[in-house]
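One chain comes next, on its own, written as structure tokens: the form predicted on its own.
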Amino acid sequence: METVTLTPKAQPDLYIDAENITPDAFAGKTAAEIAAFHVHEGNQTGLLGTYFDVSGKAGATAAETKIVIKGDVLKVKYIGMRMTAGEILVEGSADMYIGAWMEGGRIHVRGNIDAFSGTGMKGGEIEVDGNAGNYLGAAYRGDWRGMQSGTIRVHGNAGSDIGTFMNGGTIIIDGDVDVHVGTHAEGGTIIVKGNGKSKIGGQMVKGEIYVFGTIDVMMPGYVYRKDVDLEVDGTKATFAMYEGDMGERHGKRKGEVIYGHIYQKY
């Protein structure tokens, strides 16, 4: 695997849309060709090389290309958007929409990520050593298609509205989450190893949410069914199983109603 290194220069005045920072776009390009890629700062079009020193070389394909970003990119959006293969390592914190609609490959961020990261994700893996903002793995505003496949693992905390309209894939939060988890979900798995607040699983008709810590307010549309012994992400424990959201219409499979499930660890 070949590596392209982007070293940020001075922070821009406005936020940059840089959806071409992907292994797919970099594959087969020289450092000079990558530095000549267009990016958008506000309503102005500039060159990637204006904001980053570019070194190294890309592989022949996306799968053979790794991008290393040396430091914080707090005003750079859409890193890794729609990538299908390869790797991106951000050695600092990143802005919004990192890994949005990605289909494959791996993104590792050693700092924090902002809102809408992994939105509409279709495959691949995102790992974040710090915290995540709101709408992690959720649908884009006005859309009803959230995360569909892949894995997002956050070692810190996450904000509100994670997994909205999710219908596949797995989100794992090692810390706490804010309100609205898995709202409108039609599938997928969310694991919260810390504490949750309220409105967990609201309008969820299918899928699983596991909470290892406390839930401030359980949704009234969920009914306790039984205790179950499970192994969840390497942890064996007893969980209270709830079914819901009873306020929604649910499909059937082989004559049995399909519900969303919330599991809370004892």
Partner chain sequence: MAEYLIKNGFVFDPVLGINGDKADIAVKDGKIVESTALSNPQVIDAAGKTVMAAGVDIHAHVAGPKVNVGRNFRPEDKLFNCEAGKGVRRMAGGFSVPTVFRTGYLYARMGYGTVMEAAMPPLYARHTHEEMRDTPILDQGAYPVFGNNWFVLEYLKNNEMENVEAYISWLLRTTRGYAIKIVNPGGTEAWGWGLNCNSIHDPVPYFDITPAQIMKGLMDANEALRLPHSIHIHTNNLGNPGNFETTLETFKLFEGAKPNNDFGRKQVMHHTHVQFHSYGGDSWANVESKADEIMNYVNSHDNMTMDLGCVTLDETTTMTADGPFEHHLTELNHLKWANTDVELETAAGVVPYVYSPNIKVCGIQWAIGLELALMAKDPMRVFITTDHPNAGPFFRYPRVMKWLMSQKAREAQMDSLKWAEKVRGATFLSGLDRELTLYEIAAMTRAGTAQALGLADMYGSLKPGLQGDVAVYDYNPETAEDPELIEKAFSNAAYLLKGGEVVVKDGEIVSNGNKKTLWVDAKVNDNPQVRRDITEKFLRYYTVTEANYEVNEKVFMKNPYRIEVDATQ
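All of these numbers come straight from a predicted model, not from anything done at the bench. Residue numbers count along the first chain shown, from 1.
The form predicted together with its partner chain exists for this protein as well; it is not shown, and the discussion that follows is about that form.
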Just one stretch in 144-152, 168-176, 69-77, 130-138 has heavy atoms within 4.5 Å of its partner chain in the predicted bound form, so which one is it?
144-152
Which one of 191, 85, 115, 81 is close to its partner chain in the predicted bound form, taking close to mean a heavy atom within 4.5 Å?
81
Using the partner position in the predicted bound form, report whether residue 253 sits within 4.5 Å of its partner chain, counting heavy atoms only.
no
Considering only 220-252, what residues come within 4.5 Å of its partner chain in the predicted bound form, judged by heavy atoms?
249
